[in-house]
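Only one chain is included here, represented as structure tokens and corresponding to the form predicted alone.
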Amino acid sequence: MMILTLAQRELRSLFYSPLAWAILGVTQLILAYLFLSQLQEYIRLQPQLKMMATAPGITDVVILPIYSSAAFIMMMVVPMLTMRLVSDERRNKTLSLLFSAPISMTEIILGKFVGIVAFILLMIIMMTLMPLSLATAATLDFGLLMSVILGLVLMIAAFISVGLYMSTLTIQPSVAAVSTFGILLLLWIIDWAGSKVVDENASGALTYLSMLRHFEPMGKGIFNTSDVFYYLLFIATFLILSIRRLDADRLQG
């Protein structure tokens, strides 16, 4: 119950911040532009698609690229949302107040994590309204749509766990943001590095670590429990690291 209280506090503080409103507005504007561009391209390709025996549907041509673009955009957005989670508490000397409260380090970390996830879910819901608006005039593949949404939610939750951990390591939000983006970018392109490695075992390990490689199957409607397990394990690892870091700060204080 305390986790939900802390999550509400975190979510409320986000909506009091001009940065969160700017991120929400700019992100939706960019995604709306991409959505209209893809829709226009789909309309332009209609004559060619009608001649194909197994032509891709509107879900493949219009909707999936939007969510793929959203994943890349969120890689840049999430560090700005998570950079102040703990570093601001430490800089404003309010972290000691949390330590003295009758709550555990686990509840503090999970509360902050759930608060940011709730904000991101709101952004995803707003984005999903765009493809759903096509349901009245076209046939959507809802199975494929749900698969890519699940993949996006898991990937962004993993982004948030990294950002939260980096925020526990420093007093400067800007340092946390840059560090988070650097780690996420590395995990985004690490499969490209893996393809350049001669050793098959090393190449396979690098490929498995790639966030993009686990998101792509879900973006194609291929649900694999190993991909879900990867994200859940990734999230749990960084949340545990954040809890241990915060617990170390409490013991030092």
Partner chain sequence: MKTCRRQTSHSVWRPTMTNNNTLITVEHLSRHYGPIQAVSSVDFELKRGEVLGFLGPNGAGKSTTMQMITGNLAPSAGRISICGVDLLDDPKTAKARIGYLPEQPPVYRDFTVDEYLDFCARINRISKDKIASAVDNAKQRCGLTEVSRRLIGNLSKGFQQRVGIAQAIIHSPAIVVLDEPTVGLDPIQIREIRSLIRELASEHGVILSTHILPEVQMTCDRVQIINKGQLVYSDDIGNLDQRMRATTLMLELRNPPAEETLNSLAGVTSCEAMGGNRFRLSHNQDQSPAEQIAEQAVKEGWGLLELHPERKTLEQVFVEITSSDKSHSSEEEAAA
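None of these values were measured; they are calculated from a predicted model. Residue numbers count along the first chain shown, from 1.
FYI, the form predicted together with the partner chain isn't displayed, but the following is about it.
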Query raised in the report: Looking at L169, I103, M126, L132, which has any heavy atom no more than 4.5 Å from the partner chain in the predicted complex?
Result: I103
Query raised in the report: Would T237 show up as a contact with the partner chain in the predicted complex if we use heavy atoms at 4.5 Å?
Result: no
Requested in this report: Answer with yes or no whether I183 is in contact with the partner chain in the predicted complex, where contact means some heavy atom within 4.5 Å.
Outcome: no
Report task. Although the partner chain is absent from this view, report whether R9 comes within 4.5 Å of it in the predicted complex, heavy atoms only. Result -> yes
Query raised in the report: With the partner left out of view, is F119 within 4.5 angstroms of the partner chain in the predicted complex by any non-hydrogen atom?
Result: no
**Report entry** Complete contact of N92, D249 and Q252 with the partner chain in the predicted complex (any heavy atom, 4.5 Å)
**Finding:** yes
Report task. Quick one: find which of 156-164, 95-103, 137-145, 73-81 has residues within 4.5 Å of the partner chain in the predicted complex by heavy atom distance. Result -> 95-103
Query - Partner contacts for 1-31, taking the partner chain in the predicted complex and a 4.5 Å heavy atom cut-off - result: M1, M2, T5, L6, R9, R12, S13, Y16
